[in-house]
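Take a look at this single chain, the form predicted alone, given in C-alpha coordinates.
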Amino acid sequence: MLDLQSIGVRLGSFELADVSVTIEAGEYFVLLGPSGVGKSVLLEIVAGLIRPSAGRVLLDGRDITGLPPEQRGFSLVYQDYALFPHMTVRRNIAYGLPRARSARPAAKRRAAELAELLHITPLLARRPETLSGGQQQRVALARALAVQPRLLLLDEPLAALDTNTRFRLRKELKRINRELNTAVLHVTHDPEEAMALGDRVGILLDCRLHQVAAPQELFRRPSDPQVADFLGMRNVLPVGRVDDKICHICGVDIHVSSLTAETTHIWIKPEEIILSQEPFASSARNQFKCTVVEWDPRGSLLAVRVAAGDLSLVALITHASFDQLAIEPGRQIYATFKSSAVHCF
(Lines give C-alpha, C1' and ligand atoms only; values in the text may rest on other atoms or scores of the structure.)
Protein backbone atom coordinates (compact mmCIF):
# COMPACT_ATOMS: atom_id res chain seq x y z
CA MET A 1 0.00 0.00 0.00
CA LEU A 2 1.29 3.46 -0.96
CA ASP A 3 0.25 6.34 1.25
CA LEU A 4 0.84 9.99 0.32
CA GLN A 5 0.41 12.20 3.37
CA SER A 6 -0.03 15.97 2.89
CA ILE A 7 2.47 16.12 0.03
CA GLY A 8 3.61 19.60 -1.01
CA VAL A 9 6.34 20.92 -3.30
CA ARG A 10 7.37 24.29 -4.71
CA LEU A 11 9.23 24.45 -8.04
CA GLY A 12 9.78 28.08 -9.03
CA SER A 13 6.36 29.68 -9.31
CA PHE A 14 4.64 26.27 -9.30
CA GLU A 15 3.28 24.95 -6.03
CA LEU A 16 1.53 21.68 -5.26
CA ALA A 17 0.03 21.61 -1.78
CA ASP A 18 -1.50 19.17 0.68
CA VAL A 19 -2.05 16.12 -1.53
CA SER A 20 -3.12 13.05 0.44
CA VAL A 21 -4.17 9.76 -1.14
CA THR A 22 -3.76 6.03 -0.56
CA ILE A 23 -3.19 3.48 -3.34
CA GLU A 24 -4.07 -0.06 -2.33
CA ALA A 25 -2.13 -3.18 -3.30
CA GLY A 26 -3.17 -4.34 -6.78
CA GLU A 27 -5.24 -1.21 -7.42
CA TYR A 28 -5.30 0.62 -10.75
CA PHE A 29 -5.31 4.26 -9.64
CA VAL A 30 -5.57 7.06 -12.22
CA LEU A 31 -4.55 10.65 -11.55
CA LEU A 32 -6.59 12.83 -13.91
CA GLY A 33 -6.24 16.52 -14.67
CA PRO A 34 -5.33 19.09 -17.33
CA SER A 35 -1.77 20.01 -18.26
CA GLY A 36 0.26 22.02 -15.78
CA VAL A 37 -1.51 21.07 -12.54
CA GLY A 38 1.27 18.82 -11.18
CA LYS A 39 0.32 15.28 -12.20
CA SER A 40 3.80 14.36 -13.46
CA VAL A 41 5.43 16.18 -10.54
CA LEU A 42 3.43 14.03 -8.12
CA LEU A 43 4.40 10.91 -10.09
CA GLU A 44 8.09 11.84 -9.85
CA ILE A 45 7.73 12.47 -6.11
CA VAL A 46 6.40 8.92 -5.78
CA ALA A 47 9.27 7.64 -7.95
CA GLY A 48 11.83 9.45 -5.80
CA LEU A 49 13.02 11.79 -8.55
CA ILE A 50 11.71 14.90 -6.73
CA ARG A 51 11.91 15.41 -2.98
CA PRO A 52 8.74 16.98 -1.55
CA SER A 53 9.07 20.10 0.57
CA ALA A 54 6.25 18.90 2.82
CA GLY A 55 4.55 15.62 3.68
CA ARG A 56 5.60 11.98 3.57
CA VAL A 57 5.54 9.03 1.17
CA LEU A 58 4.84 5.74 2.96
CA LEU A 59 5.07 2.23 1.52
CA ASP A 60 3.34 -0.39 3.68
CA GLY A 61 3.73 1.98 6.61
CA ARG A 62 7.44 2.59 6.03
CA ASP A 63 8.58 6.15 5.36
CA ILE A 64 10.40 6.18 1.99
CA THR A 65 10.30 9.95 1.43
CA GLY A 66 14.10 10.21 1.39
CA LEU A 67 14.77 6.87 -0.31
CA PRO A 68 16.51 7.08 -3.72
CA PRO A 69 14.58 5.79 -6.79
CA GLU A 70 16.64 2.62 -7.22
CA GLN A 71 15.76 1.46 -3.71
CA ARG A 72 11.99 1.89 -3.98
CA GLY A 73 11.21 -1.08 -6.22
CA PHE A 74 9.01 0.99 -8.56
CA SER A 75 9.06 1.15 -12.37
CA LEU A 76 8.34 4.34 -14.34
CA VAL A 77 7.19 4.47 -17.98
CA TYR A 78 7.25 7.86 -19.70
CA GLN A 79 5.22 8.96 -22.70
CA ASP A 80 8.25 8.79 -25.04
CA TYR A 81 9.06 5.15 -24.02
CA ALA A 82 12.88 5.83 -23.74
CA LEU A 83 13.89 2.55 -25.37
CA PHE A 84 17.56 1.92 -26.14
CA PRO A 85 17.87 2.22 -29.93
CA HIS A 86 21.01 0.06 -30.21
CA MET A 87 19.40 -2.89 -28.39
CA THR A 88 16.96 -5.50 -29.59
CA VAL A 89 13.52 -5.76 -28.04
CA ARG A 90 14.70 -8.76 -26.00
CA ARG A 91 17.67 -6.85 -24.57
CA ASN A 92 15.50 -3.79 -23.87
CA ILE A 93 13.06 -5.90 -21.85
CA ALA A 94 15.84 -7.61 -19.90
CA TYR A 95 17.84 -4.43 -19.29
CA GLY A 96 16.98 -4.08 -15.60
CA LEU A 97 17.59 -7.74 -14.75
CA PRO A 98 20.88 -9.14 -13.36
CA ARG A 99 23.56 -9.31 -16.07
CA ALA A 100 25.88 -11.95 -14.68
CA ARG A 101 26.49 -14.86 -17.06
CA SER A 102 24.73 -17.23 -14.68
CA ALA A 103 21.63 -15.01 -14.67
CA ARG A 104 21.27 -14.74 -18.46
CA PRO A 105 19.03 -17.81 -18.97
CA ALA A 106 16.59 -16.53 -16.34
CA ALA A 107 16.59 -13.05 -17.91
CA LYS A 108 15.92 -14.56 -21.33
CA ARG A 109 13.01 -16.58 -19.93
CA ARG A 110 11.59 -13.51 -18.20
CA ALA A 111 11.78 -11.48 -21.41
CA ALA A 112 10.03 -14.28 -23.30
CA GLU A 113 7.27 -14.52 -20.66
CA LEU A 114 6.55 -10.81 -20.78
CA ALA A 115 6.73 -10.72 -24.58
CA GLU A 116 4.05 -13.40 -24.64
CA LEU A 117 1.96 -11.54 -22.05
CA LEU A 118 2.10 -8.36 -24.14
CA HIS A 119 1.76 -10.11 -27.53
CA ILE A 120 5.18 -8.97 -28.85
CA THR A 121 6.99 -12.33 -29.14
CA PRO A 122 7.58 -11.91 -32.92
CA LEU A 123 9.36 -8.61 -32.20
CA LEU A 124 12.05 -9.89 -29.83
CA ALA A 125 14.88 -9.76 -32.39
CA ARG A 126 13.92 -6.35 -33.81
CA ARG A 127 15.14 -2.88 -32.83
CA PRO A 128 12.94 0.00 -31.62
CA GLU A 129 13.18 2.10 -34.80
CA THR A 130 11.44 -0.68 -36.74
CA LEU A 131 8.41 -0.71 -34.40
CA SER A 132 5.15 1.23 -34.40
CA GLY A 133 4.24 3.49 -31.49
CA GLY A 134 1.96 0.88 -29.98
CA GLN A 135 4.64 -1.81 -30.27
CA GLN A 136 7.22 0.47 -28.63
CA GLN A 137 4.82 1.15 -25.78
CA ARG A 138 4.36 -2.58 -25.21
CA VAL A 139 8.14 -3.04 -25.11
CA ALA A 140 8.47 -0.21 -22.60
CA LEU A 141 5.79 -1.82 -20.42
CA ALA A 142 7.49 -5.21 -20.63
CA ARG A 143 10.80 -3.66 -19.56
CA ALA A 144 9.10 -1.93 -16.61
CA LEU A 145 7.38 -5.17 -15.55
CA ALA A 146 10.51 -7.33 -15.93
CA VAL A 147 11.84 -6.26 -12.52
CA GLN A 148 8.50 -7.16 -10.87
CA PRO A 149 7.85 -3.68 -9.46
CA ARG A 150 5.78 -3.11 -6.36
CA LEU A 151 4.20 -0.16 -8.16
CA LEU A 152 4.03 0.64 -11.87
CA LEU A 153 4.11 4.38 -12.63
CA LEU A 154 2.73 5.47 -16.01
CA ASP A 155 3.11 9.06 -17.24
CA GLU A 156 0.63 9.74 -20.08
CA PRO A 157 1.52 6.34 -21.60
CA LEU A 158 -1.11 6.46 -24.37
CA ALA A 159 -1.04 10.14 -25.30
CA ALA A 160 1.12 9.78 -28.43
CA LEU A 161 -0.85 6.88 -29.93
CA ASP A 162 -3.65 6.87 -32.49
CA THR A 163 -7.23 6.21 -31.37
CA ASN A 164 -7.39 2.51 -32.27
CA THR A 165 -4.01 1.73 -30.69
CA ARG A 166 -4.97 3.64 -27.54
CA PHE A 167 -8.15 1.61 -27.25
CA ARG A 168 -6.29 -1.69 -27.64
CA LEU A 169 -3.57 -0.75 -25.15
CA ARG A 170 -6.13 0.39 -22.59
CA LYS A 171 -7.49 -3.14 -22.58
CA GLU A 172 -3.95 -4.55 -22.33
CA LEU A 173 -3.08 -2.35 -19.35
CA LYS A 174 -6.18 -3.41 -17.45
CA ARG A 175 -5.54 -7.06 -18.27
CA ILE A 176 -1.93 -6.86 -17.09
CA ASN A 177 -3.01 -5.19 -13.86
CA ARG A 178 -5.47 -7.98 -13.16
CA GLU A 179 -3.22 -10.87 -14.19
CA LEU A 180 -0.08 -9.68 -12.36
CA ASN A 181 -1.89 -7.91 -9.49
CA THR A 182 0.63 -5.06 -9.80
CA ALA A 183 -0.53 -1.74 -8.38
CA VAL A 184 -0.58 1.02 -11.00
CA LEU A 185 -0.44 4.81 -10.70
CA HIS A 186 -1.41 6.16 -14.12
CA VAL A 187 -1.31 9.87 -15.01
CA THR A 188 -3.50 11.22 -17.83
CA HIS A 189 -5.39 14.30 -19.01
CA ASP A 190 -8.02 12.16 -20.80
CA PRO A 191 -11.27 11.59 -18.80
CA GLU A 192 -12.35 8.73 -21.08
CA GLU A 193 -9.04 6.94 -20.50
CA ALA A 194 -9.30 7.48 -16.75
CA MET A 195 -12.86 6.16 -16.55
CA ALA A 196 -12.01 3.08 -18.65
CA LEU A 197 -8.95 2.10 -16.60
CA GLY A 198 -9.25 3.33 -13.04
CA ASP A 199 -10.53 1.35 -10.10
CA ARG A 200 -10.46 4.81 -8.54
CA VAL A 201 -9.68 8.19 -10.06
CA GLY A 202 -8.18 11.26 -8.41
CA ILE A 203 -9.08 14.62 -9.95
CA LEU A 204 -6.21 17.13 -9.76
CA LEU A 205 -7.25 20.69 -10.65
CA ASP A 206 -5.58 24.01 -9.84
CA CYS A 207 -2.68 22.08 -8.22
CA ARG A 208 -5.12 20.62 -5.69
CA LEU A 209 -6.65 17.17 -5.35
CA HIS A 210 -10.39 17.87 -5.52
CA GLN A 211 -11.87 14.37 -5.37
CA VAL A 212 -10.95 10.69 -5.25
CA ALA A 213 -13.67 8.19 -6.14
CA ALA A 214 -14.66 5.27 -8.34
CA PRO A 215 -15.41 6.41 -11.92
CA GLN A 216 -19.16 5.93 -11.62
CA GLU A 217 -19.23 7.87 -8.34
CA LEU A 218 -17.46 10.84 -9.93
CA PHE A 219 -20.35 11.23 -12.35
CA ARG A 220 -23.03 10.52 -9.77
CA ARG A 221 -21.63 12.90 -7.18
CA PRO A 222 -18.85 15.23 -8.34
CA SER A 223 -17.41 17.10 -5.37
CA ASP A 224 -17.80 20.54 -6.93
CA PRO A 225 -18.65 22.34 -10.21
CA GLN A 226 -14.96 22.41 -11.27
CA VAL A 227 -14.83 18.61 -11.27
CA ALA A 228 -18.13 18.40 -13.15
CA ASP A 229 -16.92 20.89 -15.75
CA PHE A 230 -13.60 19.10 -16.29
CA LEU A 231 -15.40 15.77 -16.75
CA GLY A 232 -17.47 17.38 -19.51
CA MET A 233 -20.75 17.15 -17.61
CA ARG A 234 -23.31 19.35 -19.38
CA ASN A 235 -26.37 20.86 -17.72
CA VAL A 236 -24.78 21.46 -14.32
CA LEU A 237 -26.88 24.12 -12.61
CA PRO A 238 -26.62 25.88 -9.24
CA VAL A 239 -29.62 25.29 -7.02
CA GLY A 240 -31.67 28.40 -6.34
CA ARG A 241 -34.76 28.60 -4.17
CA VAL A 242 -36.17 25.20 -3.18
CA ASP A 243 -39.80 24.36 -2.35
CA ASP A 244 -40.79 20.75 -1.63
CA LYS A 245 -38.57 18.95 -4.20
CA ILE A 246 -38.83 21.80 -6.70
CA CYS A 247 -35.81 23.89 -7.65
CA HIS A 248 -36.47 27.35 -9.02
CA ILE A 249 -33.64 27.92 -11.49
CA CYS A 250 -33.50 30.80 -13.99
CA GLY A 251 -37.24 31.25 -13.83
CA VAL A 252 -38.02 27.57 -14.44
CA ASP A 253 -39.39 25.08 -11.88
CA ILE A 254 -37.50 21.77 -11.99
CA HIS A 255 -38.84 18.76 -10.08
CA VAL A 256 -36.07 16.79 -8.34
CA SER A 257 -36.73 13.46 -6.59
CA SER A 258 -33.44 13.22 -4.69
CA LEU A 259 -33.11 16.80 -3.43
CA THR A 260 -31.55 17.17 0.03
CA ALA A 261 -30.64 20.06 2.31
CA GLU A 262 -26.97 19.62 1.31
CA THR A 263 -27.64 19.93 -2.44
CA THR A 264 -25.89 22.90 -4.03
CA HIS A 265 -26.01 21.85 -7.71
CA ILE A 266 -28.07 19.62 -9.97
CA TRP A 267 -27.00 17.79 -13.11
CA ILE A 268 -29.26 16.61 -15.93
CA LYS A 269 -27.65 14.14 -18.32
CA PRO A 270 -28.09 15.34 -21.94
CA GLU A 271 -29.10 11.84 -23.03
CA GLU A 272 -31.99 11.85 -20.51
CA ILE A 273 -33.67 14.89 -22.06
CA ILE A 274 -36.28 14.08 -24.71
CA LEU A 275 -37.04 16.68 -27.38
CA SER A 276 -40.40 16.64 -29.16
CA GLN A 277 -42.45 18.82 -31.48
CA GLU A 278 -45.47 18.73 -29.17
CA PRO A 279 -46.00 18.00 -25.46
CA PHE A 280 -46.88 14.37 -24.79
CA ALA A 281 -48.46 12.39 -21.96
CA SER A 282 -45.73 11.05 -19.70
CA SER A 283 -44.91 10.25 -16.08
CA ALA A 284 -42.03 12.72 -16.37
CA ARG A 285 -42.55 15.67 -14.03
CA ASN A 286 -40.45 18.10 -16.07
CA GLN A 287 -41.75 19.27 -19.43
CA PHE A 288 -41.56 22.78 -20.83
CA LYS A 289 -41.54 24.70 -24.07
CA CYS A 290 -38.16 25.92 -25.24
CA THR A 291 -36.32 27.40 -28.21
CA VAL A 292 -33.48 25.85 -30.21
CA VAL A 293 -30.31 27.92 -29.82
CA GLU A 294 -27.60 25.88 -31.59
CA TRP A 295 -26.28 22.37 -32.13
CA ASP A 296 -23.06 20.53 -32.86
CA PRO A 297 -22.24 16.94 -33.89
CA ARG A 298 -20.95 14.44 -31.31
CA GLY A 299 -20.05 11.39 -33.36
CA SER A 300 -23.23 9.42 -34.01
CA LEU A 301 -25.29 11.94 -32.00
CA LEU A 302 -25.94 15.68 -32.02
CA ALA A 303 -25.85 18.01 -29.02
CA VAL A 304 -28.75 20.46 -29.27
CA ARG A 305 -28.79 23.51 -26.99
CA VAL A 306 -32.23 24.80 -26.08
CA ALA A 307 -33.36 27.70 -23.90
CA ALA A 308 -36.43 28.16 -21.74
CA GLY A 309 -36.30 31.76 -20.60
CA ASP A 310 -32.89 32.18 -19.01
CA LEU A 311 -32.42 28.43 -18.54
CA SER A 312 -30.07 26.76 -21.06
CA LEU A 313 -29.89 22.97 -21.50
CA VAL A 314 -28.15 20.57 -23.88
CA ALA A 315 -29.87 17.41 -25.14
CA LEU A 316 -28.31 14.56 -27.11
CA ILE A 317 -30.38 13.23 -30.00
CA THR A 318 -29.85 10.97 -33.01
CA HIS A 319 -29.46 12.25 -36.55
CA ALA A 320 -32.86 10.71 -37.35
CA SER A 321 -34.50 12.68 -34.52
CA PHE A 322 -32.69 15.81 -35.68
CA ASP A 323 -34.26 15.46 -39.14
CA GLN A 324 -37.67 14.53 -37.77
CA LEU A 325 -37.73 17.57 -35.44
CA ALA A 326 -36.54 19.83 -38.27
CA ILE A 327 -34.06 21.42 -35.87
CA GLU A 328 -33.06 24.99 -36.71
CA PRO A 329 -32.28 28.11 -34.64
CA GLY A 330 -35.39 29.67 -33.15
CA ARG A 331 -37.58 26.60 -33.58
CA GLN A 332 -40.05 26.01 -30.72
CA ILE A 333 -39.91 22.49 -29.28
CA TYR A 334 -40.57 20.75 -25.96
CA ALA A 335 -37.98 19.32 -23.54
CA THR A 336 -39.02 16.49 -21.22
CA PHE A 337 -37.12 14.66 -18.47
CA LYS A 338 -37.99 12.75 -15.31
CA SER A 339 -37.42 14.09 -11.82
CA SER A 340 -35.29 10.98 -11.16
CA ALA A 341 -33.03 12.02 -14.05
CA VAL A 342 -31.97 15.12 -12.09
CA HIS A 343 -28.84 14.22 -10.12
CA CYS A 344 -27.85 16.21 -7.04
CA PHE A 345 -24.49 17.08 -5.52
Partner chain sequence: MTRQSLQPSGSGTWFGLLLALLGSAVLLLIVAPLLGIVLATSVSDLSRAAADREVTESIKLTLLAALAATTVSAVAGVPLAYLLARKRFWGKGLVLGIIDLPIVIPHSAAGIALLTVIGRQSPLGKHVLGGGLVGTTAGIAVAMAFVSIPFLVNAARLAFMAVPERLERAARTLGASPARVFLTVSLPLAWRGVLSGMVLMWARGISEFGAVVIIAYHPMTTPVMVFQRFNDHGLRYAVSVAVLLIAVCVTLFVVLRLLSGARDRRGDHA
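This structure is a prediction, so every number in the text was calculated from the model and none was measured. Residue numbers count along the first chain shown, from 1.
Unshown form predicted in complex with the partner chain; subsequent notes refer to it.
**Prompt:** Thinking of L49, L76 and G96 as the candidate spot, does the partner chain come within 4.5 Å of a heavy atom on all of them in the predicted complex?
**Reply:** Yes, all three are in contact.
**Asked** in the predicted complex, which of the listed residues (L180, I246, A196, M87) lies with a heavy atom within 4.5 Å of the partner chain?
**Response** Of the listed residues, the single hit is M87.
**Request:** Report the residue, out of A103, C250, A159, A82, that has at least one non-hydrogen atom within 4.5 angstroms of the partner chain in the predicted complex.
**Result:** Contact with the partner chain in the predicted complex is made by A82 alone.
**Request:** Answer for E70 alone: is it within 4.5 Å of the partner chain in the predicted complex, judged on heavy atom distances?
**Result:** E70: yes, in contact with the partner chain in the predicted complex.
**Interface membership of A144, the partner chain in the predicted complex, 4.5 Å heavy atom rule** = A144 belongs to the contact set for the partner chain.
**Asked** Wondering, does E44 line up within 4.5 Å of the partner chain in the predicted complex on heavy atoms?
**Response** Yes - in the predicted complex, heavy atoms of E44 and the partner chain come within 4.5 Å of each other.
**Asked** Going by heavy atoms within 4.5 Å, which of 275-283, 305-313, 290-298, 61-69 lines up against the partner chain in the predicted complex?
**Response** This holds for exactly one stretch, 61-69.
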